[in-house]
Ligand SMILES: Cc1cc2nc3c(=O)[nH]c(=O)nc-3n(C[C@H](O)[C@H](O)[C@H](O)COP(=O)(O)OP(=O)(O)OC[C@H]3O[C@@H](n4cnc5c(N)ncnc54)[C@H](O)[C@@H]3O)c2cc1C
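Single chain ahead, by itself, as structure tokens, in the form predicted alone.
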Amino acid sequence: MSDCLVIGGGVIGMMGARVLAMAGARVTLLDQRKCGKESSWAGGGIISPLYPWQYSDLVNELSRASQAVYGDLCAALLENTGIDPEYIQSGLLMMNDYDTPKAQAWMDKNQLDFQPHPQGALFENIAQVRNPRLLKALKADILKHGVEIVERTKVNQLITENSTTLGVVTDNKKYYADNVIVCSGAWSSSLLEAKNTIYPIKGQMIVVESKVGVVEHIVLDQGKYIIPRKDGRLLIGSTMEDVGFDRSTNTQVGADLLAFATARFPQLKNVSIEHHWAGFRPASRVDVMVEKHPQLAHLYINTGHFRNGLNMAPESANRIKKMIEG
């Protein structure tokens, strides 16, 4: 029996398992596929909400607290595992929306400054990580901290008694724990019996090979972005599709994303798409959910992060730990 049972092995689940294990808890983590192969892997790795004034105070609180620790966190992961998450403070060049009254009022209130740029507004402090490398480092790190990882194990239901959560049922085993934390992303609703509260929004993305320096900063325009990686590759995304768990990609979407990048950087006109994929963001109808379950004791919820799971993960994990500690 574990002290804590974490359901879901994305960045939210693994970050939560890490924090709990470092606090001395015996932690078991269950994932229905392999850790870090869903939304966390598929995203862009920007350590900031894209347009922060479009999000709730809670999203921004979790993001700011996480931004403050990400550099040190990635350095610690590199030292402990030898895997570099490639944390880079590349800055974000925003080409639209920054000059609206809503954005200006929000930035004044939150004392957020930008540098004027010929193509928009440059937010110099915004950083990125290479999320597949971050996830690989997190997995290696939590194993070193004693977390038991059980992959390819789907959780079918909770075990409850007298309004108390005791564990979970999988296809071939029951797992018991003092505390259960649901971090299942877009798949969370079925476990929480909250139909359609959390639901998937598909995003398609592409990556192209380019030269280092062609794109200097993260570029954001009309809700789409271009992210320059350390090796010169460019990540270009992403769509917003309410189509359920349809994992298919569309060649026209890939072409449109490439055209979006080429229109802003003509040097890319001869590049070709290396990879094209899709992932499922956990959208929420009630804002991000980092909380105790309102009816079931010893059940905690850490999901609904939508486009911001990676950039809210450290502080989300800290808050769940504090709730468990009372």
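Quick note: we count residues from 1 along the sequence shown, nothing fancier. Nothing here was measured: the structure is a model prediction, and the numbers come from that model.
From this point on, the text means the form predicted in complex with this ligand, which you will not see here.
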Indicate whether this ligand has at least one heavy atom within 4.5 Å of a heavy atom of residue 154 in the model of the complex.
yes
With the partner left out of view, is residue 18 within 4.5 angstroms of this ligand in the model of the complex by any non-hydrogen atom?
no
Close approach of residue 284 to this ligand in the model of the complex, 4.5 Å, heavy atom:
no
Is residue 34 near this ligand? Define near as a heavy atom within 4.5 Å, in the model of the complex.
yes
Assert contact residue (this ligand, in the model of the complex, non-hydrogen atom within 4.5 Å, options 215, 92, 205, 147) equals 205
Would this ligand be touched by all three of 66, 71 and 316 in the model of the complex, meaning a heavy atom each within 4.5 Å?
no
Just one of 179 to 187, 82 to 90, 158 to 166, 99 to 107 has residues with a heavy atom within 4.5 Å of this ligand in the model of the complex, so point it out.
179 to 187
Residues from 261 to 280 in contact with this ligand (non-hydrogen atom within 4.5 Å) in the model of the complex:
279, 280
